[in-house]
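Here's a solo chain for you in structure tokens, the form predicted on its own.
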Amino acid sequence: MTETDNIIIDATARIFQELGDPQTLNNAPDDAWREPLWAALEESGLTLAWVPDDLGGAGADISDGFDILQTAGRFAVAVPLAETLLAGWALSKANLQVPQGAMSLALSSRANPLRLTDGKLAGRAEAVPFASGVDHFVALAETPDGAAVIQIDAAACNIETAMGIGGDPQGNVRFDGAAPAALAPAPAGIANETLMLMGAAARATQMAGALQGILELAVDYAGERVAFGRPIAKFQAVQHNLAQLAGETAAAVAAAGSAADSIHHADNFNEAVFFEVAAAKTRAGEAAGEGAAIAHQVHGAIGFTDEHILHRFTRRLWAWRDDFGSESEWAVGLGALVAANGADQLWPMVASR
């Protein structure tokens, strides 16, 4: 880890400790905390870390952005930080100036792509993270001249507001009749599949961070909770559970880190990047399911109450498992890649990493 990495991680952690502490937010009477937290993230440049300086961003590299996301995951971040990072990255790839404010990717399906005709959009995107909590959407649209990266103001869209399992806004976005605020031809290699890969890597990284958060919560609680005259951490069954949770956390951190490193060093989103991201999203998703169950088992009934902060982590872990493709979907894609290359290439493919 470089000195720059440490500075970025420390800056991110300090902002969340001061303005986004899970216990403080859990006890807050309203959402008044969101504005100062988001303002601090924007002022520090963390929201646009993946955007070059000349396009209005901080000019950090890919690995820095993933460090930010893992650190934020440890606090069960309840603001669209990952979404804004991803949207800013997509805009910068098309050399578009990045606007101020929160953003989210709004990806249409391959079967029903978003279309731009005569300056007007037609189509929809489903289950968009923070759909009703952002200022802008970024998407890919089919035009008569080919695919284009577009930025559109949220106020110009029809948003079907809903709440995701993590407690954050999530909904369907209808673009029919709306006009983009900015657009540019999509550069080579930038497609919905590319954005899905970046989104999956981001969610795997957030899940790794959240698992680190619940591991810390579970270890602390087991050391404090007394039963039959001694801390429950002294019981072998609890120790076994905590060791298993530590193992799941380590696996998720390693897989997500490998995917981020692969993206950082690759010139394009090639087969190797797909392999790493698919493996990371699959493994982190499995770890999220197992880890959340163990953490709740260690905490017992108190972990299911609104007053305890554990649910802020586990509900987002469950939500992030499905965002940008569930582990089942990515496992199928990974299997298809292995099958296409043939059995003889499986071991070289794994051993080269």
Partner chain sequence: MSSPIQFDPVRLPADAEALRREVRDFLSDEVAAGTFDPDASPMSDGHDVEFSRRVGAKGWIGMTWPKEYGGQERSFLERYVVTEEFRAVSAPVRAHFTADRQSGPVLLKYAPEEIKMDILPRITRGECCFCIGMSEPNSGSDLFAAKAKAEKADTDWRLNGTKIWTTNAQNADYMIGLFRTSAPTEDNRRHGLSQFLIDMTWPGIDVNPIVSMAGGSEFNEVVFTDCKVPADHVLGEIDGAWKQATSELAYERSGPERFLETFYVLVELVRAVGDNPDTRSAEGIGRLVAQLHTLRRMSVSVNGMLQAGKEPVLEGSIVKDLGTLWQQALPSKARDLAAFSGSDAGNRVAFDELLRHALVIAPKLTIQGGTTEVLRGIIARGLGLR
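Here the structure is a predicted model, which means the values were calculated and not measured. Numbering follows the first chain given and starts at 1.
There is another form of this protein, the form predicted in complex with the partner chain, and it is not shown here; the text below is about that form.
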Q. Which of 233, 148, 181, 122 has a heavy atom within 4.5 Å of the partner chain in the model of the complex?
A. 233
Q: Sort through 97, 239, 270, 109 and report the residue having a heavy atom within 4.5 Å of the partner chain in the model of the complex.
A: 239
Q | Site test, 212, 220 and 246 vs the partner chain in the model of the complex, non-hydrogen atom cutoff 4.5 Å | A | yes
Q) in the model of the complex, which of the stretches 31-39, 320-328, 44-52, 299-307 has residues with heavy atoms within 4.5 Å of the partner chain? A) 320-328
**Q.** is_contact(residue 19, the partner chain) in the model of the complex, heavy atom dist at most 4.5 Å
**A.** no
Q. Do residue 176 and the partner chain come within 4.5 Å of each other in the model of the complex, heavy atoms counted?
A. no
(Q) Even though the partner isn't displayed, in the model of the complex is residue 346 close enough to the partner chain, meaning a heavy atom within 4.5 Å? (A) yes
Q: Would you check, heavy atoms only and a 4.5 Å threshold, whether residue 282 touches the partner chain in the model of the complex?
A: yes
Q | Heavy atom within 4.5 Å of the partner chain in the model of the complex - qualifying residues of 235-269 | A | 239, 240, 242, 243, 244, 246, 247, 248, 250, 251, 253, 254, 255, 257, 258, 261, 265
